[in-house]
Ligand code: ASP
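The chain below stands alone and is given in structure tokens; this is the form predicted alone.
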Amino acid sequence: MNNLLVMKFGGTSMGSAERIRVASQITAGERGARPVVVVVSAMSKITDLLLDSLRRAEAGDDVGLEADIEKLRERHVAACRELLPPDGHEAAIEAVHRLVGEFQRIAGGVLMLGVRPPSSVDEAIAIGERLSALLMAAHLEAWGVRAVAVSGADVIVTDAVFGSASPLMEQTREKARQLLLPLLEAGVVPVVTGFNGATADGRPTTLGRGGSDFSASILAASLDAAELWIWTDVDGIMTADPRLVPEAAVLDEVTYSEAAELAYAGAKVLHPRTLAPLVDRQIPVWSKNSFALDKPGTKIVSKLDAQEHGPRAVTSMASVALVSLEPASAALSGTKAMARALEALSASNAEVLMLSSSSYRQNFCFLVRKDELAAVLECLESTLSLELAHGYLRPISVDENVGLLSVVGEGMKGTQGLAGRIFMAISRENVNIIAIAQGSSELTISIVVRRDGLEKAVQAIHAECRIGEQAHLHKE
């Protein structure tokens, strides 16, 4: 299908009846010129509410569970009444009650059993996206734009890793084209739930962190879309977090690699997995602000026409933990210990944000997100239990008083003296560097510092490398 546009609206862009109106206006405007597929997140804070409800159910808190379910129902019924005319909202409200009833049934099973099976959690939390897809499709219909809500479980085929599933692209491509192309050819806008899919035998799954963005890119690739637009609440991809660096600027273009590295290192515009399905098909992505429609946003492409030299952005993460391991004697090879530790990290499904090692003492450290630390330590202690018990490996050390900053730019490769300038800028602020890592591509330099010096280090690097100024000059 020619010139197909896939648009994804995030939680804040779907966060209220007013925001859904804006998303619908954007969709209607684009639909007038070309075929459009919409992918939606749950309304802001709804996924957290659903997860809290399941935790209450597991703990046997039936009163708290019922109160949460009532909040879920009231918020979506209220949105129905605001979005739809009086003679048209009853059917939508009835559909909201049915979906809330589905969640109530699953949560009731958790309450009875006292456990949250991962497959049940995936089925339950997908209700948030199904509710927002229902609201947006109904509102578009009320506006005279033909639309239908579609569950991602009917389109995206995944493996059976519940909570963080990966798509099976060939099967997804077949199902997506079979279900969505006839709708598009008939002039209907499919409003697809983000974040969720299903195994080949129909068991509901979710795609993990950044899952709604990932859903949109999977569908864009499967349908050979001309473009993917991701609507958020920021103006685009910036040279730094503007809360830390007031002079930070929006980048007009970045490469897939730069965007993925920035996302991986803490930029909140998208998740790095989002870009993977798009690279081979060279589908451009726009990051846009649904709260500021006049802003052009950032375009993500395979290659820039004119490559700038030096860093293009600096990003940071504060909620991280540094885990260190060290063999206690030569009886344990550091290489073998690292291999087994990485095996444990793989079993924990945690993302390794940075890894650094020492050649003499054979010690090594890696950085993970704090919310994944408990699972990481559990898997490490299980996998390395014999080494720890017999003293071949020193006790695992954890430092949570750290932060990660990453300097990113394809133009950094071969730039002489750059690393020295970065380290000097940090040292001038009296911030101690704890660990350093740089990939062979020279695309990213990652640095771990003390948490209380993280903001100063980011500001110092941004100023030293004149990153914001370079972004402004490039636009001019």
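All residue numbers refer to positions in the sequence shown, first residue = 1. What you see is a predicted model, and the numbers here were worked out from it, not measured in a lab.
Below: the form predicted in complex with ligand ASP, not depicted.
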query	finding
Candidate site 41, 129 and 212: all three near ligand ASP in the predicted complex by heavy atom within 4.5 Å	yes
One stretch from 216-224, 274-282, 389-397, 203-211 that, in the predicted complex, holds residues within 4.5 Å of ligand ASP by heavy atom	203-211
Exercise: residue 446 in contact with ligand ASP in the predicted complex, heavy atom 4.5 Å	no
Exercise: residue 47 in contact with ligand ASP in the predicted complex, heavy atom 4.5 Å	yes
Any residue of 185-201 that, in the predicted complex, places a heavy atom within 4.5 Å of ligand ASP	195
